[in-house]
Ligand SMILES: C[S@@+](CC[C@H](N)C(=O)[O-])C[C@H]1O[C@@H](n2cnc3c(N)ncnc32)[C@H](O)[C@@H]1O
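In the form predicted on its own, a lone chain appears below as structure tokens.
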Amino acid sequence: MSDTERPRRNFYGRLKGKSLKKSQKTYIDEDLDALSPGAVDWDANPDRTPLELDTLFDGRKVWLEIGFGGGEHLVHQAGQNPDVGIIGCEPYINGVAMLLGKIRRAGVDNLAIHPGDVRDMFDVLPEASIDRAFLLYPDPWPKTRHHRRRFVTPEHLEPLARVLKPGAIFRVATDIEDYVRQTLEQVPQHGFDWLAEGPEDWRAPWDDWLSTRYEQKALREGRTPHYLTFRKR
């Protein structure tokens, strides 16, 4: 395979759910292209020329949210941190549509959206360019034979480590105890230190946390959230 040939990557998550509402289709048609970095698209950028983040966000620090779900945390962080540019990646088009509606209502202008696999974004992010990354309630893939599909595997953690700056923060939130185990096993092997000195460091949410609908579902069903913070060495 040549350097510019698109790699064959299996994708196991959902791409679409219920039919989009008329308003959501409008958001997709009218807003998505302007918020999507063109360099991520393989047809538009087959040579995988790196994104020019200084141009995209006017020289601001850049954060990355991997799988933003309905986008509530992403919009919250954008509103709280106008001096930061935030890229959100989410292949589930219903979630993308929900986010676009939230962006309209919040009026934030420091977001970029990739409606697809974060691995395509990793291809075009410059090395050591991201100041913070979020992985919040990722697909748990609870069956043992499916654990290789989880994000906290070398296939994802190696490119994540490449694009994060030294000292960058990586936050992981999950309510699945076995996902915690795998995260604590795998993430430090890829150049990260776990920032925890006592139980409250993973039991209590971050000071700027906004509870998501996935977390609320976990709490209703009796599962305990864990908040893991890592720093890139």
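Predicted model only: the values in this text are computed from it and were never measured. Residue indices: 1-based, along the sequence shown.
This next part talks about the form predicted in complex with the ligand, which is not shown.
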{"item": "In the predicted complex, segment of 99 to 107, 86 to 94, 125 to 133, 159 to 167 with a heavy atom within 4.5 Å of the ligand", "value": "86 to 94"}
{"item": "Proximity of residue 118 to the ligand in the predicted complex, heavy atoms at 4.5 Å", "value": "yes"}
{"item": "Proximity of residue 37 to the ligand in the predicted complex, heavy atoms at 4.5 Å", "value": "no"}
{"item": "Exercise: residue 25 in contact with the ligand in the predicted complex, heavy atom 4.5 Å", "value": "no"}
{"item": "Interface membership of residue 21, the ligand in the predicted complex, 4.5 Å heavy atom rule", "value": "no"}
{"item": "Residues of stretch 130 to 169 in contact with the ligand in the predicted complex (4.5 Å, non-hydrogen atom)", "value": "136, 137, 138, 139"}
